[in-house]
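Only one chain is shown below, in structure tokens, and it's the form predicted alone.
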């Protein structure tokens, strides 16, 4: 069933009617060629979902009658913020898409000393718009009730301050040998917020790793193999999902 997101604060819901405007309305009318009577799922970005039947279809605005409402069950039991050092090429776009499918709550790109690609000031706004579109499309495709927030880029120090504001900050470091990811994940509680920090192609420098530990991050190994920068965050999210959704 087609899925759409609305902002409840914009008064798009006046029970028992939902109004869908803009690009989504045009998508319903033109791309999907939906008809009056067809059913859709609408999410209000607060983890509420509505099953609704279309009653009016126009390019600029569609309306639908609410048939049922319920709390979403598609979100991870914990809120994960992913801090991703800028990788080369379009790898960040891939990470955003796949991390959204895996349940991430927020994604924050940042600069580290070994980043090869660095954002250009005059292109940041345009890139963020694209990243947010990718996240929204991935959220629709995967049946998410929430669209992950894509934050503006941060420096390494800004990232550490932001990440350690949460109770647990996982620092994925290829030179870590003692602390394992599984032990931290098994200690997570439902509703808890956790940070996951991943480096670019070159990983982190020893100085950055030391700084992260000093700031309160939990340095962990992701196993015996070195993972590509675009694989590491997806590995962590998959491990969290497995532990909290499939084992419990």
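Residue numbers count along the first chain shown, from 1. Since the model is a prediction, treat every value here as computed from it, not as a measurement.
This next part talks about the form predicted together with another copy of the chain, which is not shown.
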**Segment assignment from 183-191, 206-214, 26-34, 39-47: heavy atom within 4.5 Å of another copy of the chain in the model of the complex** = 183-191
**Item:** residue 97, heavy atom within 4.5 angstroms of another copy of the chain in the model of the complex
**Value:** yes
**Asked** in the model of the complex, does residue 14 have a heavy atom within 4.5 Å of another copy of the chain?
**Response** no
**Asked** So in the model of the complex, does any heavy atom of residue 73 sit within 4.5 Å of another copy of the chain?
**Response** yes
**Prompt:** Can residue 108 be called a contact residue for another copy of the chain in the model of the complex at 4.5 Å between heavy atoms?
**Reply:** no
**Asked** Judged by heavy atom distances of 4.5 Å or less, which residues of 105-142 approach another copy of the chain in the model of the complex?
**Response** 141, 142
